[in-house]
Structure formats: C-alpha cells, structure tokens
Ligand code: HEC
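One chain comes next, on its own, written out as structure tokens in the form predicted on its own.
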Amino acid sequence: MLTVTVCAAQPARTNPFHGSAEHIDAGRATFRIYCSPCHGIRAAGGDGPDLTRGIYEAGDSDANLFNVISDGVPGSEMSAFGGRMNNNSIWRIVAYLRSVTQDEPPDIPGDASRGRQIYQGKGGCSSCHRIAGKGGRLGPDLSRAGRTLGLARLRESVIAPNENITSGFDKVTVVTTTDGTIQGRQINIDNFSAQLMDSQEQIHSYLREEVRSIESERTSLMPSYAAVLSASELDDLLAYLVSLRGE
C-alpha cells in the first residue's frame, strides 16, 4: 500500500506584502487591535518593547518577526497569535512594522551621566521606580526603559504622564468601612477582595464587604516634571533613561 504524507503548508520566508501601502494600512489596523495594548498605538513601546527601532531580540529578519508574532516568546508576556490570525495577517503586521522603523537612531542631546544624577537626586525617580532591583515599586520598572520605550514615549511619560499610562499603574481610590479613603495603584480587584499599594508602598487588602466604593481613574500617580526640570535637565534625564537596556 502506498502511503502519502501530506505536510501542512509552511509560511513564506519573505514578506509578500513588503512595501505595499494597501497591506501596510491593513497591518496597521490589525496591529492596533492585537498589539497596541502592549506595544503602544504607534508601536513605540509601552508594557512591551519599542518596535520602531528595527532591533529585535529574536533577530531582525522578516522571517524572525513572523515567527515571534505567530509563536510568541516562551517565558515572556509575548503571546502566540498564530491561532488567532492567518499567515497573511501576520505578514501585514510585519510590513507595517517595517514601515514605521526609524532609519536613524534619535538624536539625544543630553548627557546620561548627569541624567543619572537627576534621576537619583532632583527628580526623585528612584523613590518610585526600580532599576536592576533597586528603588521603589510604586511605578513601572525602568531597567529596560531604553529597550522597551521610544524616546518620544519616555519624554511624554516625564512631562505628561497622564497621556499614556502603563497598564496597571493608573490611580485607584478605595473607600472602606474601616480605614476611610485609600489612594494608590491597583494590585488586584475582583469579586471577593481588593488590594492596592499606597504612596508609601504599603499593601492594603480588603474583603469586598469592607469596601464602600472603588474608583479607578485614568490618571497617573506620577507628577509631571514639565515645570520641575529645565530643558537641559530633561534632555539629560532622557539620555540616561534611553541608556537603560537591561543588559
């Protein structure tokens, strides 16, 4: 008896939609649905890495990008999307990412060494943010800020923190039957309990029957530094943050 083995069709190794305006637009739309919650509406970074630099840990080829989107990254928050979209949709996302890749690295006029001093001193950033395991926990970990966030997103975060809040770090106000009103960032809120961290990094946990109301605000616990730092100090701080690669 002759046995015939039928192999599943493998995706092309080059992008059939590279440079096509029509498919780039389609890829942009798909990206915003599936990818922007982590990578930002313009792919410039958020909870996930900045994708506009054209530098990817898994490799820089179109085939590598396809594989990461399709299969995800084990041990990371990058999910596999191969079961949720077809190969053409993934290739369109790759085409979109290539279209927003910056040809040149951003010009950062500041001095990273002075920026580090501002981070630790005048800015008081280390009281809320951690780098390499040192610092506060109220704000996002910045150990990989230069890899995960673009320069524009970092600048916006410093001078207009309410514009694009990192998921899980918006302000929540809980009114309790025992401790009055507590403000901080949400740790977990479900049908049975509520946990939040206050500005002193104290964890508060309440059963639902102990909570009168919970209000989640789309505002950041971080203040704006627009009036705190001079233009040159802001450039120095950004130069330092961009240098943080987590390596």
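None of the values given here were measured: they were computed from a predicted structure. Definition used throughout: the rigid core is the maximal C-alpha set that superposes within 1.5 Å between two forms. All residue numbers are counted from 1 along the displayed sequence.
Not on display, but discussed next: the form predicted together with this ligand.
Student: With the partner left out here, check for me: in the predicted complex, does some heavy atom of residue 91 sit within 4.5 Å of this ligand?
Tutor: Contact check for residue 91: no, nothing within 4.5 Å of this ligand in the predicted complex.
Student: I'd like to know if residue 38 sits close to this ligand in the predicted complex, meaning any non-hydrogen atom pair within 4.5 angstroms.
Tutor: Yes, residue 38 lies within 4.5 Å of this ligand in the predicted complex.
Student: Is residue 113 close to this ligand in the predicted complex, meaning a heavy atom pair under 4.5 Å apart or at it?
Tutor: No, no contact at 4.5 Å.
Student: Please check if residue 158 has a heavy atom lying within 4.5 Å of any heavy atom of this ligand in the predicted complex.
Tutor: Taking the distances in the predicted complex, the answer for residue 158 is yes, it comes within 4.5 Å of this ligand.
Student: On the criterion of a non-hydrogen atom at 4.5 angstroms or closer, are 125, 220 and 241 all touching this ligand in the predicted complex?
Tutor: Checking in the predicted complex: 125, 220 and 241 are all within 4.5 Å of this ligand.
Student: 182, 194, 69, 44: which sits within 4.5 Å of this ligand in the predicted complex by any heavy atom?
Tutor: Flagged contact: 69.
Student: What are the residues of 121-151, in order along the chain, with a heavy atom within 4.5 Å of this ligand in the predicted complex?
Tutor: 123, 124, 125, 127, 128, 129, 138, 139, 140, 142, 144, 148, 149, in sequence order.
Student: Aligned on the rigid core, do the two forms place the Cα of residue 78 2 Å or more apart, comparing between this form and the one not shown?
Tutor: Moves: yes, 2 Å or greater.
Student: At a 2 Å cut-off on C-alpha positions, does residue 119 qualify as shifted between this form and the one not shown after fitting the rigid core?
Tutor: Residue 119: C-alpha displaced by less than 2 Å between this form and the one not shown.
Student: Does the distance between the two CA positions of residue 222 reach 2 Å or more between this form and the one not shown, the core being superposed?
Tutor: No, because once the rigid core is superposed, the C-alpha of residue 222 moves less than 2 Å between this form and the one not shown.
Student: Compare the CA separation of residue 164 and residue 93 in the predicted complex with the one in the displayed structure, and answer closer or farther (the difference is at least 3 Å).
Tutor: Relative to the displayed form, residue 164 and residue 93 move farther apart in the predicted complex - a change of at least 3 Å between their C-alphas.
Student: Having a change of 3 Å or more in the C-alpha distance between residue 171 and residue 37, I'd like to know whether it is closer or farther in the predicted complex than in the form here.
Tutor: Farther is correct, given that in the predicted complex the C-alpha spacing of residue 171 to residue 37 is increased by at least 3 Å.
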